[in-house]
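Only one chain is included here, represented as structure tokens and corresponding to the form predicted alone.
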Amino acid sequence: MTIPVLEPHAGTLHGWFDRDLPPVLTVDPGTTVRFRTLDSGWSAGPHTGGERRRVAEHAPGMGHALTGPIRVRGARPGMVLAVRADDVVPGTWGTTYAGARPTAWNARLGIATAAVHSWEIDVPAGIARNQYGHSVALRPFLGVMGMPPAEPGRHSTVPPRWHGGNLDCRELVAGSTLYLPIPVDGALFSVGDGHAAQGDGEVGGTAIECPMERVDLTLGLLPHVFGDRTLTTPVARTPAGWVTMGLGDDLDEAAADAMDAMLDVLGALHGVGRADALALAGVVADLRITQVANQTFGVHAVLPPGAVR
């Protein structure tokens, strides 16, 4: 069976979410789609100093360079889109930008100048090297996987939302399945913001921002993930374990949302009520800061495999 392929070009690239953006591909549930993406900043090639070169499709005011959207037949609000990452292969170069914008965060850290790291990505070796000779291990994933809000108009790609988008969760590597509540008919799913490696928090504002040479995603539909409880935030099953994501105006709010979803996971897996689930979570679940870089704060809870038997 031939896998449909979406290349980044004028017909598939967009820098916003919009429920009225026409789909570039329609698929049945269970279809695997192969994507190629630009880096988040619409770069036409590696950063070599000075102003970055951007592709012709870029225009001022655009957000992340996204490829899509894809319509999934039968997708309706209230259902769950299951996105299985079968393969995630970065391109051969990437860039990290830190301190480029004056923020309270940078001021508190004493960052007065910007730093740009240009990376050569060696996929066979599994490492990236910057211009200073530093090497880091590759752990590639897509920072943006999501759908448009139900509200009309163009919506920024920067803040993450309950139906996905700029989640920047480093656990969403190959072998993961991301579960997203569907906000609009057809789902209208788009991807972008390739990261060759990122730490929890994305504390500098960016990861190793890179194009993706190949990302194979299988798109499925589910009525629910756990019992009959409505999914209200992104949840994933990953090599690190079950991951539940919370988003909020501050870390407290995001942490509470992440733990609320984790109690659903523990309850479904082990047949316990919420008080007992919280008792178990206090023993085996980890809270991690997903990202602090994108207007909305992200926290994810992790339940390692086999943590409760």
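Small disclaimer: the values here were computed from a predicted structure and weren't measured. Quick note: we count residues from 1 along the sequence shown, nothing fancier.
From this point on, the text means the form predicted in complex with another copy of the chain, which you will not see here.
**Q** Tell me the stretch among 184 to 192, 130 to 138, 216 to 224, 75 to 83 that has any heavy atom within 4.5 angstroms of another copy of the chain in the model of the complex.
**A** Correct option: 130 to 138.
**Q** Classify residue 25 as contacting or not contacting another copy of the chain in the model of the complex by the rule of any non-hydrogen atom within 4.5 angstroms, answering yes or no.
**A** So residue 25 does not count as contacting another copy of the chain.
**Q** In the model of the complex, is there a heavy atom of another copy of the chain that lies within 4.5 Å of any heavy atom of residue 109, even though the partner is absent here?
**A** Yes, residue 109 is a contact residue.
**Q** Could you tell me if residue 105 has a non-hydrogen atom within 4.5 Å of another copy of the chain in the model of the complex?
**A** Close contact exists here: in the model of the complex, residue 105 approaches another copy of the chain to within 4.5 Å, heavy atoms only.
**Q** Any of the heavy atoms of residue 288 lying within 4.5 Å of another copy of the chain in the model of the complex?
**A** Judged by the heavy-atom cut-off of 4.5 Å, residue 288 is in contact with another copy of the chain in the model of the complex.
**Q** Counting only non-hydrogen atoms and a 4.5 Å threshold, tell me whether 39, 66 and 88 all contact another copy of the chain in the model of the complex.
**A** No, the whole trio is out of contact, none within 4.5 Å by any heavy atom.
**Q** Find the only residue in 157, 198, 233, 238 having a heavy atom within 4.5 Å of another copy of the chain in the model of the complex.
**A** Flagged contact: 198.
**Q** Where, within 266 to 296, is there a heavy atom within 4.5 Å of another copy of the chain in the model of the complex? Residue list please.
**A** Residues within 4.5 Å: 270, 272, 274, 275, 276, 278, 279, 280, 281, 282, 283, 284, 285, 286, 287, 288, 289.
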